[in-house]
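Presented below, as structure tokens, is a lone chain in the form predicted alone.
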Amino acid sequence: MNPLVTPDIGLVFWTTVSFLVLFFLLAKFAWKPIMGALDERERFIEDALSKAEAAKEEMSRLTNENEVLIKQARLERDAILAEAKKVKDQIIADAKDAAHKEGARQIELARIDIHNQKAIAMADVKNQVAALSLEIAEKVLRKQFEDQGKQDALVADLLKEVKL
């Protein structure tokens, strides 16, 4: 028989004594530090969980704020684009009006210039007609007055018409 398999009363006594001494030593020196470490670990886990929950709430709040900011930015962007379109349309309308006014002014200047050129041309034609008429009349009169007798007769007729 093996003494380890069949416990003897002395073995049971000394095992119990050593267990009690070990239990007393652990309770006196190790139990408080182990329990303190467990309590500290539990508090650390609770703090980490509460910080994680606070971080989660903060992330949720920041996400909501970001969504609000994004919405505001989109509204501002839309307002800026609408204003820019309005300004663009106004600039185009002003440019069209200015172009129409300038075109009308250029057309009026062209009409005035054409009228002036026409008047100058008509005056030039009249001057040329008058010069030609005088030249023709001079040639006709020279031809007619080549004869001395015709000149004397014309002078006599004119003197008869003139009454002093």
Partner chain sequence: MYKSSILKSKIFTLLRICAVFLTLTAFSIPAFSQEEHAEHAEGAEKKFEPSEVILEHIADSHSLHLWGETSLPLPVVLYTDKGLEVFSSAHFEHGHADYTGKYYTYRLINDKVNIVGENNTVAESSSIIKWNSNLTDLSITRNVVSMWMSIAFLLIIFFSVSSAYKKRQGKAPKGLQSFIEPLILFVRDDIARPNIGYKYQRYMPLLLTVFFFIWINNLIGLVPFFPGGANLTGNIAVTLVLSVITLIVVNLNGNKHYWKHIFIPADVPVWIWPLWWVIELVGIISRPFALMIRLFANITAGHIIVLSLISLIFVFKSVGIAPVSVAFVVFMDVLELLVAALQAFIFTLLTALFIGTAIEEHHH
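Keep in mind the model is a prediction, meaning the values are calculated, not measured. Residue numbers count along the first chain shown, from 1. Take the two forms, find the largest set of C-alpha atoms that superpose within 1.5 Å, and that set is the rigid core.
Omitted here: the form predicted in complex with the partner chain. The next part is about that form.
Peer 1: So in the predicted complex, does any heavy atom of Asp124 sit within 4.5 Å of the partner chain?
Peer 2: No, Asp124 is distant from the partner.
Peer 1: Taking heavy atoms only, is Gln148 within 4.5 angstroms of the partner chain in the predicted complex?
Peer 2: No, Gln148 stays farther than 4.5 Å from the partner chain in the predicted complex.
Peer 1: Is there a heavy atom of Asp8 lying 4.5 Å or less from a heavy atom of the partner chain in the predicted complex?
Peer 2: Because a heavy atom of Asp8 falls inside 4.5 Å of the partner chain in the predicted complex, the answer is yes.
Peer 1: Looking at the partner-bound form in the predicted complex, is Lys118 within 4.5 Å of the partner chain by any heavy atom?
Peer 2: Although the partner chain is absent here, Lys118 would stay clear of it in the predicted complex, with no heavy atoms inside 4.5 Å.
Peer 1: Hey, of 40 to 48, 132 to 140, 59 to 67, 101 to 109, which bit sits against the partner chain in the predicted complex at 4.5 Å between non-hydrogen atoms?
Peer 2: It is 40 to 48 that comes within 4.5 Å of the partner.
Peer 1: Exactly one residue in Ala95, Ala52, Ile114, Ile34 has a non-hydrogen atom within 4.5 Å of the partner chain in the predicted complex; which is it?
Peer 2: Partner contact (heavy atom, 4.5 Å) among the options: Ile34.
Peer 1: Please determine whether the C-alpha atom of Glu40 is displaced by 2 Å or more between the shown form and the other one following superposition on the rigid core.
Peer 2: Passes the 2 Å threshold, so yes.
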